[in-house]
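Just the one chain here, laid out as structure tokens, in the form predicted on its own.
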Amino acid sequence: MIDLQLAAAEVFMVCAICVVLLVDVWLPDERRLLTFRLALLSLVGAAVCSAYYLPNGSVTAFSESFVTDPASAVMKIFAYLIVGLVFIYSRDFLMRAGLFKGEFFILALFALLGIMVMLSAHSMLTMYLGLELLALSQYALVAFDRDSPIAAESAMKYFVLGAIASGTLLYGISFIYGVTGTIQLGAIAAHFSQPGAITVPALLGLAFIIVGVAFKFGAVPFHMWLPDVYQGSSTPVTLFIGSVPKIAAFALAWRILSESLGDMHGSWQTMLAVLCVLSLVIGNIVAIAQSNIKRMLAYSTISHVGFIFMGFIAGTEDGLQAAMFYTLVYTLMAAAAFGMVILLSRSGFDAENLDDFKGLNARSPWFAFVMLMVMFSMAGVPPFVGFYAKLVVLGSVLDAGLIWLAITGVLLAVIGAFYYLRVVWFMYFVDPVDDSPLDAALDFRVVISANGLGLLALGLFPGVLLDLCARVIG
């Protein structure tokens, strides 16, 4: 019973998914909003379970294959929040496109369940099971629009490349198991803390694991799936894939690299540094050439991954806190950015091109200001929270003595600011090509406004989230 209490949020989510699935089967199309409301209630219930059954410290369950600690609880609650934003932003779009089906919400909840398992994984097997649950749900979500050949092509690419990456990760785990004789993260860490434990087979396994982690993050050169999937998916699916799974990718790197293979930091630091620099260079430079905003945000994601990697490269507790802070901030920024893309879309038209943002200030000054806050935050302009996210990760690598990496990050952040500011230029200084009013429900308008203002509020008071990350990681 104690084990079940520690996994109460996961148990509740499984039961909630079953209820939503059974209810949706018998609902007529005109009452499909009930599925949407039940999905939101599932998130609220899971959040209550995560907060109520939180122990004071780190407690393991199920033969030490599952762990509940403050850090995992905080990230789970953030994941519930982001998925809730996804559901609210997506509802009207799905209705207009004829895609308002229960499968979207059920697959998203299954993916969220995989993220929850990854956040609490304390063994390689538990981590892999959560990862596969997330990945399989995402493959189906990408192909959710069955009438779109582009979505089907993107899903096939994602599936094939994702299967290769998952196999690579599993191959690396098998090497680590062969060297250590265990799949428990704590036992692996204890093994590599001994002198002479780092051998050639262990390094080979580490290399394969790094490939799997880099693919799930979308880091260069394992990024080839990301722009195509972002562009080929329907915008609500892109909104989901572009936001909350980054928390799962952080959990994958945190649990495996920092917790179990932390004593091999000297070995994987160089690998991550190469991936970091490549992601910053390719992500920021190629994004400049994009005219499709979903592809631009895809390459923007790649560049942000480079900054998240900086926290891990530092190899310190402060660096890990900075990486966690950056990841949580990025999910909020990505949700707001794709929410604005959905806001500008209408029946039979997707606002996927940068030209669709021309003259937005003339059409709606308030939502142009919301998009300005999002773009400034992503670019790292003070006083928005994106500036402090970059500042803390750059500070962590400076404290670690990696001055060259900090300088590289600053230079490429300046270059990357161009394509964010270009969107602002289109909104305020170019005549609109479309004068149609923005059509969105009241709750959508309120939530996306709060999302944008939240980026400003967290920028004015970054210590709130920074202190939270410091407490739970420490």
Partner chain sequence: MNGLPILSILVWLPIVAGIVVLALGSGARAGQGKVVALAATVLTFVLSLPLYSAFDTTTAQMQFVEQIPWITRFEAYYHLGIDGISLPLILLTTFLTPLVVIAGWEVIQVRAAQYFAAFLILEGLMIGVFAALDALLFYVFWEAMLIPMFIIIGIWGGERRIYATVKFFLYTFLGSVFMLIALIYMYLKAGSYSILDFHALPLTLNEQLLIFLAFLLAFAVKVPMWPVHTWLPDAHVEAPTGGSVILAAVLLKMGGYGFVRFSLPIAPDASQALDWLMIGLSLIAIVYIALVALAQQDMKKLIAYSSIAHMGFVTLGFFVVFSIAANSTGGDGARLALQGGMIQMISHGLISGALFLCVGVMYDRLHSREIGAYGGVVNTMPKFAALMVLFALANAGLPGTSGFVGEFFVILGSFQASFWLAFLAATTLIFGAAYTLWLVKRVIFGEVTNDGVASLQDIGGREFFMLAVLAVAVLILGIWPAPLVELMEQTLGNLLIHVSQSKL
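None of these values were measured; they are calculated from a predicted model. Residue numbers count along the first chain shown, from 1.
The form predicted together with the partner chain is left out here; the points below concern that form.
> Exactly one stretch in 396-404, 87-95, 109-117, 279-287 has heavy atoms within 4.5 Å of the partner chain in the predicted complex; which is it?
Heavy atoms within 4.5 Å of the partner chain in the predicted complex occur in 396-404.
> For this chain shown on its own, do 178, 180 and 228 all sit within 4.5 Å of the partner chain in the predicted complex, going by heavy atoms?
No: no residue has a heavy atom within 4.5 Å of the partner.
> How about residue 392 - does it come within 4.5 Å of the partner chain in the predicted complex, if we only consider non-hydrogen atoms?
Yes - in the predicted complex, heavy atoms of residue 392 and the partner chain come within 4.5 Å of each other.
> Residue-level contact is defined here as any heavy atom of the residue lying within 4.5 Å of the partner chain in the predicted complex; does residue 262 satisfy this criterion?
It does not: once the partner chain is placed as it appears in the predicted complex, residue 262 has no heavy atom within 4.5 Å of it.
> At the 4.5 Å heavy atom threshold, is residue 417 in contact with the partner chain in the predicted complex?
Close contact exists here: in the predicted complex, residue 417 approaches the partner chain to within 4.5 Å, heavy atoms only.
> I'd like to check something about residue 62: if you look in the predicted complex, is any of its heavy atoms closer than or equal to 4.5 Å to a heavy atom of the partner chain?
So residue 62 does not count as contacting the partner chain.
> Considering the partner chain in the predicted complex, which of 384, 307, 338, 215 comes within 4.5 Å of it through any heavy atom?
None of the others qualify; the residue that does is 384.
> So which of 450, 23, 15, 460 reaches within 4.5 angstroms of the partner chain in the predicted complex, heavy atom to heavy atom?
In short, 460.
> Under the 4.5 Å heavy atom criterion, name the residues of 303-323 that approach the partner chain in the predicted complex, in sequence order.
In sequence order, 318, 321 come within 4.5 Å of the partner.
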